[in-house]
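In structure tokens, one chain follows: the form predicted alone.
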């Protein structure tokens, strides 16, 4: 029997990101290198990536990525898709054989726009409602990505094997985010791998949400359906709801998701105290309890956030042109890039970078 200290027990999952601050393109082999360095944090039951600005020829169209269990599910989905959308191109997503990736579903992508003219807000609501409806109602069909000029690539396997499977070295992106999964309370399956995506927002998560039932019940009351059998799905929906429906910034979202303890709020100055009291009282069901670190991608930007006690590691490094994020410093060092500074993200701290903005 191995004794304590003789076996490594990882702190569940690995997350990593490369964000081009000046808009230069990075091929997918770089993010694969980062996530592969943290191989022991995964157990082969899930991995995935998201790349931004990878479809410049279809940058104004929604890129819908789909899993199908069989041709029946594919035909059912397509019969409805062609009724509601103008489809500019559809094809099987290119893959190559990899011994670490087995039993893959049918994997297709569709570049589309809704047939009916709507305001931007109405169109976004329509797209999200369509995605949630597909995942809940069409048996064997799972929409896992539907943003513009971005795409999610995920599945069951170690993340480096999935990166090879999807041939990510052939894609160029201004932002890459990756996840290596170590599921504990939820199953490892293709639809349940990270990232989770709604419109242009995509999220990866390391940790465990003990408040999942509270979060899920609240989300279902406002129209979201949690059908992908993992707690991380709820975080993506909460961020979508807070930003699109309540009008909060991502920084304000962080103040809600990782709100200070009441004991800390009591010690604040009146203005700050009133602000956090309002958020805690009015958005209590959005609070994430339990250990977590998350990376959130969005159009031309990225956010990293730790839980209130910093129970999951998250390291940041940067130079003039690029920001790097990872669960371990070793993943950043593996790229052999010169970085000006490297630091750990603090508890409840939201680090937000938007392309073109200066940071101290």
Partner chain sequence: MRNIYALNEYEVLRSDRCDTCGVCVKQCGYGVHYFDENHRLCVDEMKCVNCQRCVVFCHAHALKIIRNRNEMHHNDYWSERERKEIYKQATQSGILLSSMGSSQKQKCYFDHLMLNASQVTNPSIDPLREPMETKVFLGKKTRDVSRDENGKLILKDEAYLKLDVPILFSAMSLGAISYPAHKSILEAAKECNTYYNAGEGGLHPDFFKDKEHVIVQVASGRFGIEKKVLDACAAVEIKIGQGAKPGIGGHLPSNKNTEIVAKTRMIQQGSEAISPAPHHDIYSIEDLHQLVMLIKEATHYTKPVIVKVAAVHNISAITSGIARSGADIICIDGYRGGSGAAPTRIRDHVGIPIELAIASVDERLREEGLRDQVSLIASGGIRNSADVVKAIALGADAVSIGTAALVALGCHLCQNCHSGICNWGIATQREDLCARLNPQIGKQALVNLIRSWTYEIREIMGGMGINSIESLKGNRLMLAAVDLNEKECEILKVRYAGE
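Given the structure is predicted, the values throughout are model-derived calculations rather than measurements. Numbering follows the first chain given and starts at 1.
If you look for the form predicted together with its partner chain, you will not find it shown, but the lines that follow are about it.
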Fill in the blank from the handout: Testing 93 to 101, 121 to 129, 147 to 155, 207 to 215 against its partner chain in the predicted complex with a 4.5 Å heavy atom criterion leaves exactly one stretch, namely 207 to 215
Practice task
Give a yes or no on whether every one of 67, 134 and 137 sits within 4.5 angstroms of its partner chain in the predicted complex by heavy atom.
Solution key: no
Practice task
Tell me, yes or no, whether residue 277 is in contact with its partner chain in the predicted complex, where a contact means a heavy atom of each within 4.5 Å.
Solution key: yes
Problem - residue 83: touches its partner chain in the predicted complex, heavy atom cutoff 4.5 angstroms - result: no
Exercise for the section: Would you please decide whether residue 287 lies within 4.5 angstroms of its partner chain in the predicted complex, comparing each non-hydrogen atom pair? Expected result: yes
Exercise for the section: Indicate whether residue 283 is a 4.5 Å heavy atom neighbour of its partner chain in the predicted complex. Expected result: yes
Problem - Residue among 240, 200, 78, 252 with a heavy atom within 4.5 Å of its partner chain in the predicted complex - result: 252
Exercise for the section: Would you give me the residues of 221 to 255 that have any heavy atom within 4.5 Å of its partner chain in the predicted complex, in order from first to last? Expected result: 221, 229, 246, 247, 248, 249, 252
